[in-house]
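Quick heads-up: it's one chain on its own, the form predicted alone, in structure tokens.
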């Protein structure tokens, strides 16, 4: 772990990962590649490594890195806005960006951990397990399925090359504020309460999500390098938590007593329940998420209140 590359390292998850890698491996050389489309320089305060500004799917970043012997690549770069419906843009940037990473890493079989998504499961409700079929409901999820296909195709021809995908569920935590409307619902509801407004959710508030704290996401992302072979794993908290429960925790943490404002759900396809089955990660890595939602939200609110 002397030389590491993090794509999308100025983004929400990428910056948390970068700074944790720097903390764990203080003598390593870390290079971040980002174009700030879904990142922010402020997320990398305290970063002591090198930074390459560029679009991974378009710029000639590989030539600048020629000769670097990386021990691992963490691929977090992506269009992360699931409401971006330009199919050509989403597919080009997400898929071709990953293809370039694979082509760069292939000659030296550099281990790769890459971000895929629980969105690949589609709108089916319940507990999601890695062996079930993938049914992407939007173009963002479709691109993540293609990343998994690309990884599987490359490792099929080279079984000794390790490429690990992590299906991130609903990630929240420090470093997401720059995403604004695309930030987690936990952050959105906290802002509403902090600003003296009523927290607003779809009527009933009983839709459930697997909210996973970014600290757990980073821990599993780093641990994924120890996988015995190429594979794909869920990355969630292993709990489902309703929006009403989120608001209850936020109210407790902030001292708010303002009643929740409910409004009609305009989406016919909105998922009532997502939840990651984390048995595979526990079996392979001995990994158990440390931050169940109530505890993670409380920790996050403590961090936010200091800002």
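Numbering follows the first chain given and starts at 1. Being a predicted model, the structure only gives us computed values, none of them experimental.
This next part talks about the form predicted in complex with a small molecule, which is not shown.
**Student:** So, 13, 37 and 55: all three within 4.5 Å of the small molecule in the predicted complex by heavy atoms, or not?
**Tutor:** Checked in the predicted complex: all three residues contact the small molecule.
**Student:** Given that the small molecule is left out here, which of 230, 128, 117, 192 has a heavy atom within 4.5 Å of it in the predicted complex?
**Tutor:** Only one option qualifies, and that one is 117.
**Student:** Only one of 219, 170, 155, 188 gets a heavy atom within 4.5 Å of the small molecule in the predicted complex. Which one?
**Tutor:** Contact check passes for 170.
**Student:** The small molecule isn't shown here, but in the predicted complex, which of 195 to 203, 102 to 110, 75 to 83, 157 to 165 has heavy atoms within 4.5 Å of it?
**Tutor:** Every other range fails; the passing one is 75 to 83.
**Student:** Taking any heavy atom pair closer than or equal to 4.5 Å as contact, tell me whether residue 209 reaches the small molecule in the predicted complex.
**Tutor:** Residue 209: no, not in contact with the small molecule in the predicted complex.
**Student:** Indicate whether the small molecule has at least one heavy atom within 4.5 Å of a heavy atom of residue 178 in the predicted complex.
**Tutor:** Contact check for residue 178: yes, within 4.5 Å of the small molecule in the predicted complex.
**Student:** Using a 4.5 Å heavy atom cut-off, state whether residue 213 contacts the small molecule in the predicted complex.
**Tutor:** Looking in the predicted complex, residue contacts with the small molecule do not include residue 213, since no heavy atom lies within 4.5 Å.
**Student:** If you check in the predicted complex, is residue 140 within 4.5 Å of the small molecule, heavy atoms only?
**Tutor:** Residue 140: yes, in contact with the small molecule in the predicted complex.
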